[in-house]
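Listed next as structure tokens is one chain, alone, in the form predicted on its own.
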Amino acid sequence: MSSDSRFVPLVLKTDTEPNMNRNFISSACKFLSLVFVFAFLNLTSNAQEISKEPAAISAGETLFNANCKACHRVKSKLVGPALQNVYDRAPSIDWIKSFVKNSSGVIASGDDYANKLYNEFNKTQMTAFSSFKDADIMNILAYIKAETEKVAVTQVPNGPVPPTGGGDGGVSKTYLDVILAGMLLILVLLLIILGFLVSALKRFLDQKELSEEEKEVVHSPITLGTVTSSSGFIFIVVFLAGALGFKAVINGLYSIGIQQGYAPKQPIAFSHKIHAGQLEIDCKYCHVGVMKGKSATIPSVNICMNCHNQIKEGQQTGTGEIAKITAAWENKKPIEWVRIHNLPDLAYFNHSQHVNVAGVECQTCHGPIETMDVVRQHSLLTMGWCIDCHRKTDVNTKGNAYYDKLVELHKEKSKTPMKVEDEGGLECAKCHY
């Protein structure tokens, strides 16, 4: 083999190897890029997938009831559109997130779908929930999807349908009337028996040898005058009068500062029975301070206008009462609601502590508020009433690490659940400082 032939393969190897390496590296890079893009799109798709986990659905239900239910239902229109299949109707999940956080911004950007909704619902501006995280919105969508996929089941009762009449679950008037009639019958029977006894005693005494004075007493007629002039009757009357007077004085002293049953006339005839009962609007939607601070707060006019910007006629009062809300909004004046529940200045009560930490329901103190057309003070709201609650109520320690050590110490000395009084709930300084 000549020297030339020996060097030809070397020259070919030197020229082709870098090209092959470059082609291989280029192909590998393209392949990895495609894999990366596919993986990214897959992760993005998974991140946008609506969860079916019970925890997500439960969290979404809580958020929906507290923030969305005032204007939306899943399967029917209210102030806003029905939300079933909203994840399919809307341009995208990202669009839903943007619209929930800042609907006015999406509308102002000229978005076709947003402006279509805006015009369809009488240009009602949806409240911006800028504090919502993406996870919160996804949980709400999880709840909406779960409700959308539920099949409506009509349950037919097996037995007779109970009456739907009103009442508060107490004893019926008919039952009380029967008891009263029975007591009157017993009283009449006792009087008849007493008459027979008196007659029998007289016959027995007539057989005895009695003096004229004794006979006069036995056979003396019983008249109204003889009864009212007797010392026993006078004592009974004086005793009853004194007892009733004493009771009236005590009741009067105990009622000082108590406004149970107080139901003042409000400047606008607002019905909790319709809003909280029939429409199931969450209390926290209007009373926004209940989760944040001492006062539950009275809702401002703009909260009313979130719905009444579109709803102009009420079920019971027509257009008159809602027109007052609109007038207050246009004149930029607050509605002067009359306060119903008044605690003395010397007592401190914090709504957020009871609602957030203790999980106390509104009805515990305010009664069946969802059934009241006119709100009244349901409970006594006295110091004794509060103390009694603290003595009977178990502390809600579940999922709160703050109480772990306290529960451990309590179990060492008691087998009963830890009550509010066990953690200082009866200390004076808790409410008076």
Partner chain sequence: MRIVSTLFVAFSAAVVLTSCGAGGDNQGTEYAPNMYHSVAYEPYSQITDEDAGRWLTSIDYPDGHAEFYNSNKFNPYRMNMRESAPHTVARNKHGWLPYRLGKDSLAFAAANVKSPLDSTAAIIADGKVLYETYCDHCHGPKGKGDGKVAAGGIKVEVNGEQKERSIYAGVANLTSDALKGVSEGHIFHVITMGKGLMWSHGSQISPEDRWKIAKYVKTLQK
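For clarity, a rigid core is taken as the largest C-alpha set superposing within 1.5 Å between two forms. Remember, it's a predicted structure, so these values are computed and weren't measured experimentally. Residue numbers count along the first chain shown, from 1.
Below: the form predicted together with the partner chain, not depicted.
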item: Candidate site 188, 371 and 394: all three near the partner chain in the model of the complex by heavy atom within 4.5 Å; value: no
item: Partner contact for residue 122 in the model of the complex: the partner chain, 4.5 angstroms, heavy atom; value: no
item: The partner chain contact in the model of the complex: residue 219, any heavy atom under 4.5 Å; value: no
item: The partner chain contact at residue 284 in the model of the complex, heavy atom, 4.5 Å; value: yes
item: Residue 212: touches the partner chain in the model of the complex, heavy atom cutoff 4.5 angstroms; value: no
item: Segment assignment from 174 to 182, 87 to 95, 70 to 78, 138 to 146: heavy atom within 4.5 Å of the partner chain in the model of the complex; value: 70 to 78
item: Heavy atom within 4.5 Å of the partner chain in the model of the complex - residue from 320, 232, 344, 359; value: 344
item: Listed residue that, although the partner chain is not shown, lies within 4.5 Å of it in the model of the complex (heavy atoms), from 288, 327, 268, 205; value: 288
item: Residues in 234 to 266 close to the partner chain in the model of the complex, defined by a heavy atom within 4.5 Å, in order; value: 238, 241, 242, 245, 248, 249, 252, 253, 255, 256, 257, 258, 259, 260, 261, 262, 263, 264, 265
item: Core-superposed comparison between the shown form and the other one, residue 278 Cα displacement 2 Å or beyond; value: no
item: Rigid core superposed: residue 370 CA moves 2 Å or more between the shown form and the other one; value: no
item: Rigid core superposition, residue 66 Cα moves 2 angstroms or more between the shown form and the other one; value: yes
